[in-house]
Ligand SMILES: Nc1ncnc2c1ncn2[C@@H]1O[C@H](COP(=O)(O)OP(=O)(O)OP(=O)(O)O)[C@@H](O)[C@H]1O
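Starting off, we have a lone chain in the form predicted alone, written out as structure tokens.
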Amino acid sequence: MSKKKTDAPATPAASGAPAASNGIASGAAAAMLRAPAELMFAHELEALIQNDKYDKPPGWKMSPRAVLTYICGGKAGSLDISPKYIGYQRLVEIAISTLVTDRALLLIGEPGTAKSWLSEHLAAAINGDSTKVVQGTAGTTEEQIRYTWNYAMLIAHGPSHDALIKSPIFRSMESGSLARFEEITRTASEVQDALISIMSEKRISVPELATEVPAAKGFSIIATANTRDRGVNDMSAALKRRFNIVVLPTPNTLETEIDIVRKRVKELAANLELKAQLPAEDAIEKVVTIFRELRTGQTLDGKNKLKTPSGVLSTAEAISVLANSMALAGNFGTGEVTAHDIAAGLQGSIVKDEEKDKTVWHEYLSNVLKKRGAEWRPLFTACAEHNE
């Protein structure tokens, strides 16, 4: 398999204003705490559509090649397209190719491997709408996958199209677009299986109205599943057969993970208008190193075995630690991220179980960080104080 890696784009430092290079438009998008991808990167999507010379599948806004450029980065005319996913380009090609066919796509991976992020950006590029989402939880019901009723209208006038409340999947079938099903394995198995007939027959039956609604061309489903949830509500073999499964790995090198963290921290800092300087390169490298070592259970040089904490030390968690450090520095410090700001975030991320994790973290500090020399001393001291 190809291991082509895209480079992270140059993104402006946080300056108190939304970053134009991220495509966060003024007005509605800028006012949102988290704008959908199609608004955040509207200028990139528009440029790709205008410069697209390849055939578009039914229901798609752009060709598969243009979608790949949007996800992995490249050029659209004179505009640089920032990479949204940094990793194996071939996996993205497989995902896009799956959505051209009549099969649904299932993205599987460890927490923080950008499953939801990739799902959202695929939907934004292909349809210009990433908001048709079913969020899987223990409380998700079959009605949230199919349809339900406005019961006041149902009692007053009986079943009618006006009384029908359509799920995001129902609306995607009608419009010939993509629906997203996040954390599918968090839902009960019998609820998951409501998808089988929809995905097999490509139509949804409404017995109360004695009708069936066929899916328009372009309809498909992108689902995500967390490997940490394996065994919670396992998908049936019948349902799995209707998906093409793509496994998203954790970043394979320290440098790749640093690129991802750096890029996302810059974007978050700009979007949230954090009043602090971006963390220094060595600070980002230290956080990513700590997370990788505790996640894998050994130091990067492979010389020391380590106990692993109970929490999920994902790339997304590392991004959160650094963003929180900026918030601390901006609001309660000088605006420059210090070792004490980072230590506070590390403590909260690593020590989830007070009994086990505090001991694991203490042993790591004593046996690894303490022995790494003067460059690591400020962070070790700050972390040791927080873990007392």
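The first residue of the sequence shown is number 1, and the count goes up from there. The model shown is predicted, which means the values in this text are computed figures rather than measured ones.
The same protein also has a form predicted in complex with the ligand, omitted here; what follows describes it.
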*Heavy atom within 4.5 Å of the ligand in the predicted complex: which of 159, 74, 311, 111?*
111
*Which of these residues, 86, 274, 198, 145, gets a heavy atom within 4.5 Å of the ligand in the predicted complex?*
86
_I'd like to check something about residue 289: if you look in the predicted complex, is any of its heavy atoms closer than or equal to 4.5 Å to a heavy atom of the ligand?_
no
*How about residue 226: is it within 4.5 Å of the ligand in the predicted complex, going by heavy atoms?*
yes
*Heavy atom of residue 264 within 4.5 Å of the ligand in the predicted complex*: yes
*So, in the predicted complex, is residue 117 in contact with the ligand at a 4.5 angstroms heavy atom limit?*
yes
*asked:* Checking a candidate spot here: are 42, 46 and 177 all in contact with the ligand in the predicted complex (at least one heavy atom each within 4.5 Å)?
replied: no
*Could you tell me which stretch in 89-97, 148-156, 314-322, 293-301 has residues with non-hydrogen atoms within 4.5 Å of the ligand in the predicted complex?*
314-322
*Out of 45-72, which residues reach within 4.5 Å of the ligand in the predicted complex, heavy atoms considered?*
none
